[in-house]
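Single chain ahead, by itself, as structure tokens, in the form predicted on its own.
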Amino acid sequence: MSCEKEYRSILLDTAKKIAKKYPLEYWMEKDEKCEFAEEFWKDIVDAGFLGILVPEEYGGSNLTMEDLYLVIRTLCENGCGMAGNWYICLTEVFGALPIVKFGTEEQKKKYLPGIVDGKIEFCMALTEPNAGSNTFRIETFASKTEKGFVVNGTKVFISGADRAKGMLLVTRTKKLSEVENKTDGITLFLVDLPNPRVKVSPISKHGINYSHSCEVCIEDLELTENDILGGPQSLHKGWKQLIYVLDPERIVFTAAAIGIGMLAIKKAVEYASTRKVFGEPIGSYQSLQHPLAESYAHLECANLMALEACRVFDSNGNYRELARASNIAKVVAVEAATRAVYWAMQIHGGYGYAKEYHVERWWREINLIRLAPVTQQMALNYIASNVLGLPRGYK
């Protein structure tokens, strides 16, 4: 146990040192210029952060979801903001995690070593224009052929698709009208990129511009049964696989929310302790103290719930327990972090609106987590119907 604690301490110390290497001005510049942070990417690859969940035999560290969560939170709260999660999540959670958990041996050998050494970036193509949060109604369809499948469809807000060498593609292989249970007939494919049948177009967006989110148009893309995540036996069974991507995604976005919230509180405390109005530091006013203290308390509580979600995942617990913990953690963390960043802006006054003070960038970033990876409303819907047992008002 002591060795595990010592290794984790070294891991988090490394994350903190990497974060401190890139000052707030670095992320402001990358966001304004819409540039990928190549230097930061190289450092997190060299630190082994893309292989935290990957077994040693494929070049990884064979660590836990808790380790991944803590690394991401450390990066975010020590200056990286959303980038501390974004660069890792797209490749490790959307790529490495499902391949480790469900992939065939051939798929593991093909993708995992390249993910660990940073040569294979990943993305997940799930969201569609007409489906939104209702994943069961996706229209991207893989039609069966003699040689395998032909896929057609359109995906939106697929982050990292412009750089990715691999894509976790969520399709229907049976139409919704053809299945008794709406969870049936979903199949996940592993797709190599770039591909002339997959057209990627970046979408102009409000924030997080150091990574592009894209529209992905798929036209007559030919795939084989061996491209199915887990091989031919996983045909039509992708929903259970997808659950173990979506809930971990909530966990790491919770880490980002907590990290951004703590970063904003730290910045606000520094400013409020030195800014004087009417001869006194504004930080002495309880009307400013209390919102920060309340946000901090709620973020710490959200952290405990997120660690519970990590424990369930790492112990291979029931997926309903995982969904319960991850959704609760996400809801509480995002509300607390939103409040923290809001009050950080208020405390800075007009400077809070100025880019040079950085708070406005975190405001743009935290509002993304209100929408993704699931809206606050959909997370609350899950808690209401699946935890509290209230009747479900949507289908």
Partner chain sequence: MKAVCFVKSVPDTETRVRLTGNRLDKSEIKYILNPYCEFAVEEAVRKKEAGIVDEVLVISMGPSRAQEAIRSALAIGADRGVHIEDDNLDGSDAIVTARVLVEAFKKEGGLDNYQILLFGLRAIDGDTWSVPSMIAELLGIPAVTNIVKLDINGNKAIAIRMVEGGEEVFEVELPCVFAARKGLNEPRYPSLPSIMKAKKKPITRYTISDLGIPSDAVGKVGSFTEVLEYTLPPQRQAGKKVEGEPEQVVEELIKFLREVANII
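As the structure is a computational prediction, the values presented were derived from the model and not from experiment. Positions refer to the first chain, counted from 1.
Heads up, the form predicted in complex with the partner chain isn't pictured, but that's what we're talking about next.
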| property | result |
| --- | --- |
| Non-hydrogen atom within 4.5 Å of the partner chain in the predicted bound form for each of L304, N316 and E321 | no |
| Proximity of A379 to the partner chain in the predicted bound form, heavy atoms at 4.5 Å | no |
| Partner contact for I10 in the predicted bound form: the partner chain, 4.5 angstroms, heavy atom | yes |
| Contact test in the predicted bound form: I52 vs the partner chain, heavy atoms, 4.5 Å | yes |
| Residue contact check: T14 to the partner chain in the predicted bound form, 4.5 Å heavy atom | yes |
| Segment that reaches the partner chain in the predicted bound form - one of 329-337, 359-367, 344-352, 38-46, heavy atoms within 4.5 Å | 38-46 |
